[in-house]
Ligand SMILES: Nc1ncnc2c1ncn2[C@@H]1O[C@H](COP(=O)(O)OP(=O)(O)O)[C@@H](O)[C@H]1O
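Take a look at this single chain in structure tokens; it is the form predicted on its own.
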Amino acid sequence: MYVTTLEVKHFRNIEEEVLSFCDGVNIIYGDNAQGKTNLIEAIWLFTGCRSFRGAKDAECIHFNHAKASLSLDFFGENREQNMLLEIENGRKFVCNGVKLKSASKAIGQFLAVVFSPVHLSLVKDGPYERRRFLDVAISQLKPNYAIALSNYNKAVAERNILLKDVAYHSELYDTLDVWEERIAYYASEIIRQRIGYVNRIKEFSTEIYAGISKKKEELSLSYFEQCPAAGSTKQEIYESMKNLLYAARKNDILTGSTSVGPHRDDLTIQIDDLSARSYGSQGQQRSAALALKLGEAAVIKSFTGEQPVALLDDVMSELDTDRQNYILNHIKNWQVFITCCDPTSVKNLKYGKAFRMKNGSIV
């Protein structure tokens, strides 16, 4: 899969640009705060996922305009395709001339992986970032997962409201059963998919990390769940989740929130059997995050047969020569977009196109 043309209008600090890319390496360089990351973000949004920077839709619109319009021509599934994205009171997609009912319907049409400095939070920060990584990665492969996740979050929110009401209206206690069954139903699908995904990505990521560290260190990944079930079938997870929710009722009524479920689970990342978050050096943490993202790309290719587009935002400048060379060897035969301040930071790349960005424009 590769992008041929990107058209951007009124997106962030980019007034209007039409760019044609090569199917290999595309370098976007320039000083800080010129719009390089904005360009990467514009491509990423065609995955149907939210901004990897955590931005709201309204923040993506140029301050002088009411809406942003994006167009992407790309080659995938052995044919040329086009997607349109309009950002105004939400996101509206058109894929190959067909209007999509919601942004979630765009997920899986265009495949990409992105790594930027914000993704160091995968290792450095709390469980939320690691859950979000799993959710976004799985949603690209299985759009129905995003729907299950949305329904789960809604059910948890409704139970939380009810928990607060039960504290003052005991007659509502039995109605907790309805929401707990719904939570358990969607949780069983979420947990099952997360466990399956972690089992797949760790095969690739551990090998990649071994290459980055020259086999001096070992990366290990595991999914930490609150309701382990013996066989981990959907039904077994469902029953285990229901029992946990019931057992937690008394405490949850006191706190007014749901204390168990996949919204509390975590992805455990260890280096040589020690927590990467607590004991890893900055270099180890960065390498672990990179291994996860490259592993994500490998899973996508194994699952779909399509090589996702790689978006690397200000990554190479943070790596020593050996680690740069290893990463670059892993993106051969990919289309990759690399942002950097100085193009010589990727001097080992012999082929590709370079774009200099200044004040939101290619010059």
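Here the structure is a predicted model, which is why all the values come from computation and not from measurement. When you see a residue number, it is the position in the sequence shown, counting from 1.
One more form of this protein exists, namely the form predicted together with the named molecule; it is left out here, but the text below deals with it.
The stretch in contact with the named molecule in the predicted complex, judged by heavy atoms within 4.5 Å, is 29-37, chosen from 296-304, 42-50, 323-331, 29-37. Remark: residue 60 counts among the residues lining the named molecule in the predicted complex, judged by a heavy atom distance of 4.5 Å or less. Residues from 4-20 that approach the named molecule in the predicted complex with a non-hydrogen atom closer than or equal to 4.5 Å are 12, 13, in the order they occur in the chain.
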